[in-house]
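Below sits a lone chain in structure tokens, taken as the form predicted alone.
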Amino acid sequence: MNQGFAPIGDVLRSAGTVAVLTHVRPDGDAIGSQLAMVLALQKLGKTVTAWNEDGLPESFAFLKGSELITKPPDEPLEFDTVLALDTAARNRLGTGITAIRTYKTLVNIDHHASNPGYGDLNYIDVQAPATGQIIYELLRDQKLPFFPEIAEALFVAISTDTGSFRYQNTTAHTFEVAGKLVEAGVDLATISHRIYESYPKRRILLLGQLLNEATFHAHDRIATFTLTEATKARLSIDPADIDGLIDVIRSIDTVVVAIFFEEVADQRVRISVRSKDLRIDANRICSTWGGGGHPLAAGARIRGTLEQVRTKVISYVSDEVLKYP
């Protein structure tokens, strides 16, 4: 599936116009990877556009150059190259991809096991803990521009997708890359403060409500949070406010699987699943409803009411959990 870094480097160097896209509801890995590539390509003299269906999350607006990430326009445009980052399925690019009329080459760089390789050129490394780590390796391997602002964006990408270097996907190489980023100019204390110690009040109010309404199943081995559209409207919740909240219930000692149910538009429910046991594969669970991700962290969007989706997902996951002592 992987064509290697060299063909990707050749395409990027030869392109005049590049659109850099990432998935809907972008997280730190998506935004950090996207911004790093935008800055590098601009330095090469390319005309670069960075789109995301949801725009730039407020929580990452501190990154230098992040204002370059915008929502797609209504009128489709033409590009030489489209660069899809950290996006397991083409449709997860949302209105970013539909806002492109034509392109010559689609480059797909990702680390999700469920990615089918939908690009003309693909580089998918399921062993990488974050797409940001792959982007670092691409930039260094192909001798593309690399400077402190890029290092900061990539550090955010890697730190957030490894749970601040706590998750099982973190390797010795990940620490080596993080060290290189710090050497390149990342202020570790400042960046960590902005990522993990600078939350808006509304996020804490939301967490309080979610904890009060949390439910437990399968002998306390499954824990769930449920978020309604009404609560999001009442607290003026930004999508970025939700990121990471599931880890609160995932950290409970008896819990093996945590599930976050979020009511979204078009009569759908967004689920996020986190597992602490590789035998209970979050990617496989979410693929049942057309989603995907990683063995320990995955998601999906399921048509139905909140109660309908909760009932069938909890029942399915309970059956999986109770297979094992």
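What you are looking at is a predicted structure, and each value in this text was computed from that prediction instead of being measured. Residue numbers run from 1 along the displayed sequence.
Keep in mind the form predicted in complex with another copy of the chain is missing from the figure; the text below concerns it.
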### Query
From the list Ser192, Thr231, Thr226, Asn122, which entry has a heavy atom within 4.5 Å of another copy of the chain in the predicted complex?
Ser192
### Query
another copy of the chain isn't shown here, but in the predicted complex which of Pro200, Gly244, Pro239, Gly94 has a heavy atom within 4.5 Å of it?
Pro200
### Task
Select, from the options 125 to 133, 157 to 165, 140 to 148, 108 to 116, the stretch whose residues sit within 4.5 angstroms of another copy of the chain in the predicted complex by heavy atom distance.
157 to 165
#### Entry: Contact label in the predicted complex: Gly208 to another copy of the chain, heavy atom within 4.5 Å
yes
### Message
When the contact criterion is heavy atoms within 4.5 Å, does Pro76 count as touching another copy of the chain in the predicted complex?
### Response
no
### Task
Indicate whether another copy of the chain has at least one heavy atom within 4.5 Å of a heavy atom of Lys276 in the predicted complex.
yes
### Query
How about Thr98: is it within 4.5 Å of another copy of the chain in the predicted complex, going by heavy atoms?
no
#### Entry: Three-residue site Arg25, Gln42 and Leu68 fully in contact with another copy of the chain in the predicted complex at 4.5 Å by heavy atom
no
### Query
Can you name the residues of 164 to 187 that have a heavy atom within 4.5 Å of another copy of the chain in the predicted complex?
Ser164, Phe165, Arg166, Tyr167, Gln168, Thr170, Thr171, Ala172, Phe175, Ala178, Gly179, Val182, Glu183
